[in-house]
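The chain below stands alone and is given as structure tokens, in the form predicted on its own.
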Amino acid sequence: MTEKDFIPSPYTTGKTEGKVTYKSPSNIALVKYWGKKEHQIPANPSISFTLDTCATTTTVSYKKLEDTASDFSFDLLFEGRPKEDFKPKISTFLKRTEPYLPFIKDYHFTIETSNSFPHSSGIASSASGMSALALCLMELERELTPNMDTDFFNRKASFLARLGSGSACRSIHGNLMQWGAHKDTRNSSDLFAIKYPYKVHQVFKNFQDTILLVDKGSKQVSSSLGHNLMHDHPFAEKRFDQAHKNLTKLKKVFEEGDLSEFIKIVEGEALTLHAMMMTSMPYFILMKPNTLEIINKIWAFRASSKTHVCFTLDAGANVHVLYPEREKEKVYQFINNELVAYCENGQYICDQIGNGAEKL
């Protein structure tokens, strides 16, 4: 498919007003996306676990204007209160999506959104938030195009979510999502995410993710800026090649349930992501001392307990502790006994693999 496939034909019906609500989860990348081209195209493919409880719920109320507006008409409420500093990001998103949603200047929108997790907690709220908003807008387009099939609806929702936040395209579905063209993955695309199309061993079906909130403050460098620093990065091409190779390796890992190889790839990807940050120009470090303490504790516990607990990191200091459900009791006790002390105010979030967004 190309971008042109998402430009709609003239709408066959009208809609004066309405309301729609979607709940969409965050996700945690196993193979990391870091670096992008124009139009939110990824520099390398990525794959992620869709989360379950870490989610954004967004309600969009819409009312048709008497005349098409010259600019986007919307109000934004975050957890019940106006949130003016969020509005520029929404305006940018609407501008990018207008060619594919030509109705959006015909309506006034009231966007009400809330997260199930603390804001600035290091959970990818842009992924859950932008995917939820994209789904709500797609629901209105489905009203205007009643013959739209579900597969196209989901592909276009992922395509639109990507225009707001790259990783948001992976939050439409669950439980394992891949985004970015990759020669060894059929139907993979830079334009939208797909459900992982190959066999996945049962051990990965109910994987757990405990998110340790090491630092809840805002990051010193935004992800958008970090992505842009990959353009002239001396190690960028090697990194992009590494991501492709790791995705290829994961096909066998997922099929056979090879947790040892899974751990090597996932932890290596997390550390490579931060290595790219530390070797950018300007360089920066998002890990904190407690991030490193947790990593070392996980390595020591894994060796002594013979469990398959591992970690991954997003672009921040917080640690995602990943482990199979069958080891949940033992690992959870370890987290409480040894890792919670390194969390800010002892805070952490227990989550697991989920099935993607849902209409409420």
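Here the structure is a predicted model, which means the values were calculated and not measured. Residue positions are given as counts along the sequence shown, with the first one as 1.
Same protein, other form: the form predicted together with a small molecule, not shown, and the subject of what follows.
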Original post:
Taking heavy atoms only, is residue 288 within 4.5 angstroms of the small molecule in the model of the complex?
Top reply: no
Original post:
Is there a heavy atom of residue 167 lying 4.5 Å or less from a heavy atom of the small molecule in the model of the complex?
Top reply: yes
**OP:** Give a yes/no on whether residue 216 approaches the small molecule to within 4.5 Å in the model of the complex, heavy atoms considered.
**Re:** no
Original post:
Wondering, does residue 208 line up within 4.5 Å of the small molecule in the model of the complex on heavy atoms?
Top reply: no
Original post:
Which residue among 315, 331, 60, 298 has a heavy atom within 4.5 angstroms of the small molecule in the model of the complex?
Top reply: 315
Original post:
Of these, 273, 250, 104, 266, which has a heavy atom no more than 4.5 Å from the small molecule in the model of the complex?
Top reply: 273
**OP:** Choose one stretch from 323 to 331, 288 to 296, 301 to 309, 31 to 39: the one whose residues place a heavy atom within 4.5 angstroms of the small molecule in the model of the complex.
**Re:** 31 to 39
